[in-house]
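Before any questions on binding or motion, here is one chain by itself as structure tokens, the form predicted on its own.
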Amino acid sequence: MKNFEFKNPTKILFGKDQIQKLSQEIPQDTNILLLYGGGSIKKNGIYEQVKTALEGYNLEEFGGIPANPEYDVLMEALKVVKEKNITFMLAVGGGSVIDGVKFISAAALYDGEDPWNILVEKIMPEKGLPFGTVLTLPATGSEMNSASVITRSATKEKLAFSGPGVFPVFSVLDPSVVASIPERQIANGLADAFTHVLEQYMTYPIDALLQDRMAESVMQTLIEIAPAIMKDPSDYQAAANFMWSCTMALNGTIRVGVPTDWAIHMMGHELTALFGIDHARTLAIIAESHYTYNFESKKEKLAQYAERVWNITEGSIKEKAKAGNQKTIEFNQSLGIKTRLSDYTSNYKGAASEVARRFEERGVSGLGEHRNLTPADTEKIVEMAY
């Protein structure tokens, strides 16, 4: 096991009616900016719950943060922060809204000329404008980590950043909200969380026994509850396990002391930037070819995954490893998620070389747990996913 330092300062308020406790978490003399997405929170009752809980506060609003939070929109929100002397933000939404608010949090205290440089230069903010979240869509784990991914449509870029200054102060997780989530988004949430675990697990053995078992338990739970939550989003117990699994998949707990990969995400981000494909679906597109291309370096963990998560006990290490890769494909497909790029666009030819070109242009020379995947390797992996 590797040396590590671990700190997660986010307070979690989990369960029914926790939105009512917002006033206990935010000081009364606070100028709050409430940020949300396309307006679904006004249809499912969450908006009214939040407004009621914050009655008496000085409250401004900013709606319209899109899926794959758009830089230009976030810059408009930043103007509101500065013009209205906002001292606390509340993100009400899924990962896109929360990611967007993390960027605004960092940009509000950034002293450079162009906040986009936070992403380009991979700045890790030590301090940001404080914010909390009310999670409405389990998937990304953004409610309990410091990671954020931002899109800039003008340049077709999708870049990530993180830093100790952009953890949420608190996050409200009420599984009741899952009842109003469309099936497509639930499928995306399951696939996204599952791949988050794989990126931290599917590397090579390092004798981190507890981290492996914890990662495997999150995947097993997602597999177990997937049919129930897809069939009936109002099943509170299934929703509770779904929501907490998504949070645990990426709150830092299972990554400590182990190597991590994240190449699937890096390539997936480029496919979203180029084609607008849902983030979770780009992960499903890349996963099979990534694990096939890197089979020799990953076969031990693939075989362990097959045995422990999918109960595949027969065969050699290579045979179990291949079966494990196939099970991942089948799991994504069982959610109604297609796993080839050509399933999403007829313009896929040339995508692989464009992804490689972008990595080359940014100086990205070493992806994966060994940092040895070159842009030329990513071209082959993406091409295999056509």
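Everything numeric here is computed off the predicted structure, so don't read it as measured data. Sequential numbering from 1, following the sequence displayed.
Below, we refer to the form predicted in complex with 5,6-dihydroxy-NADP (NZQ), which is not included among the displayed structures.
K.L.:
If you check in the model of the complex, do Gln200, Gln211 and Ile254 all have a non-hydrogen atom within 4.5 Å of 5,6-dihydroxy-NADP (NZQ)?
P.N.:
No: no residue has a heavy atom within 4.5 Å of the partner.
K.L.:
Within 4.5 Å of 5,6-dihydroxy-NADP (NZQ) in the model of the complex, heavy atoms considered, which of Ile229, Leu90, Leu271, Ala139?
P.N.:
Going through each option in turn, the one that passes is Ala139.
K.L.:
Among Met219, Val177, Ala238, Ala108, which has at least one heavy atom within 4.5 Å of 5,6-dihydroxy-NADP (NZQ) in the model of the complex?
P.N.:
In short, Val177.
K.L.:
Within 4.5 Å, heavy atoms only, one stretch in 301-309, 81-89, 188-196, 112-120 touches 5,6-dihydroxy-NADP (NZQ) in the model of the complex. Which?
P.N.:
Result for this chain: 188-196.
K.L.:
With a 4.5 Å heavy atom cut-off, would you call Leu250 a contact of 5,6-dihydroxy-NADP (NZQ) in the model of the complex?
P.N.:
Yes, Leu250 lies within 4.5 Å of 5,6-dihydroxy-NADP (NZQ) in the model of the complex.
K.L.:
Please tell me whether any heavy atom belonging to Ser96 falls inside 4.5 Å of a heavy atom of 5,6-dihydroxy-NADP (NZQ), as the geometry stands in the model of the complex.
P.N.:
Yes, Ser96 sits close enough to 5,6-dihydroxy-NADP (NZQ) in the model of the complex that at least one of its heavy atoms falls within 4.5 Å.
K.L.:
Asn325: heavy atom within 4.5 Å of 5,6-dihydroxy-NADP (NZQ) in the model of the complex?
P.N.:
No - in the model of the complex, heavy atoms of Asn325 and 5,6-dihydroxy-NADP (NZQ) never come within 4.5 Å of each other.
K.L.:
Test of understanding: in the model of the complex, would Asn145 fall inside 4.5 Å of 5,6-dihydroxy-NADP (NZQ) by heavy atoms?
P.N.:
Output for Asn145 is yes: heavy atoms within 4.5 Å of 5,6-dihydroxy-NADP (NZQ).
K.L.:
Note that 5,6-dihydroxy-NADP (NZQ) is not shown here; using its position in the model of the complex, name the residues of 28-58 with a heavy atom within 4.5 Å of it, in sequence order.
P.N.:
Read in sequence order, the residues that approach 5,6-dihydroxy-NADP (NZQ) (within 4.5 Å, in the model of the complex) are Gly37, Gly38, Gly39, Ser40, Asn44, Ile46.
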